[in-house]
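Quick setup: one chain, the form predicted alone, written in structure tokens, and binding and motion questions come after.
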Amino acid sequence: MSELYDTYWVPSVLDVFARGLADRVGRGDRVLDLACGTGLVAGYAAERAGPQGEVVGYDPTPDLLEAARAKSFSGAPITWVEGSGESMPFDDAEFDVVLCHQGLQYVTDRAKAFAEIKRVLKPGAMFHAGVWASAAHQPAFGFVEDALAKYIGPEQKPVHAWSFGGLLELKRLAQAVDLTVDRLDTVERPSRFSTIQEFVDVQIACAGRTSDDGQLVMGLVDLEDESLLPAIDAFAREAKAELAPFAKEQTLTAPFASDEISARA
């Protein structure tokens, strides 16, 4: 799972958003990267915080944390901790910055997670997060939900990664725990795939979903189920038609949209 994530999803889509999020870290900050995955944001945050800072990468998925621990990062030391966002093993007022890059949409109890975020922030400290915008606000990829529902099944709609609920939901959850919202914005940044077919493969194999036992897994469908191959081929054909305007010499460059919040404790 982590190899697919790092090889395809990170460079094609996540990296440019991760850099923008980590740019909000200052020298010497103690930083929590909530839902750190394989360490993308944590690594950039460590560079920004520098040797006098400290970064904690926190995630519920052992496979992703194992991949993060195997990497080398410069700047602040990074500690990797396994656990859920609803109950964090950190002291009150422990962090100068809490970051969460495309993870809040997978939290089961968002109200508890936001309460925990507020609890671990120092007074006046900042929370910065992004969640993928809904299909209606994805200028290139909005067709994906309807196409997956049509060819693979209605349970594919909404796409879990895009299911958070938008800027107003971010604002509501933050204000419910007395975080002061400084910024709410839908940010579009370019995603890049070598071909439209690569986008299809990455979407099918790497998009996050919650399994029947409540675990975060990658892949919109079980790729070992050969009965789904005709449906996946049909989805690929529609994707090629829909995304043709964004392709140049086969390379696909198209905007991805993220709903982002900055809020102060």
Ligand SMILES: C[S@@+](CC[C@H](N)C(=O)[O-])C[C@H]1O[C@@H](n2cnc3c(N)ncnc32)[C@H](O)[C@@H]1O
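All values reported here derive from a predicted model rather than from experimental measurement. Residue numbers here begin at 1 and follow the sequence given.
Missing here is the form predicted together with the ligand; even so, the following discussion is about that form.
With the ligand omitted here, the record of contacts in the predicted bound form names 105-113 of 143-151, 73-81, 105-113, 167-175, defined by a heavy atom within 4.5 Å.
The partner is absent here, but in the predicted bound form a heavy atom of 64, alone among 56, 200, 49, 64, sits within 4.5 Å of the ligand. No member of the trio 43, 45 and 96 reaches the ligand in the predicted bound form with any non-hydrogen atom inside 4.5 Å. Although the partner is absent here, residue 86 is a contact residue: one of its heavy atoms lies within 4.5 angstroms of the ligand in the predicted bound form. At least one heavy atom of residue 60 is located within 4.5 Å of the ligand in the predicted bound form. By the criterion of a heavy atom within 4.5 Å, residue 31 is excluded from the residues contacting the ligand in the predicted bound form.
In the predicted bound form, the ligand lies farther than 4.5 Å from every heavy atom of residue 22.
Contacts between 247-263 and the ligand, taken as any heavy atom within 4.5 Å in the predicted bound form, involve no residue at all.
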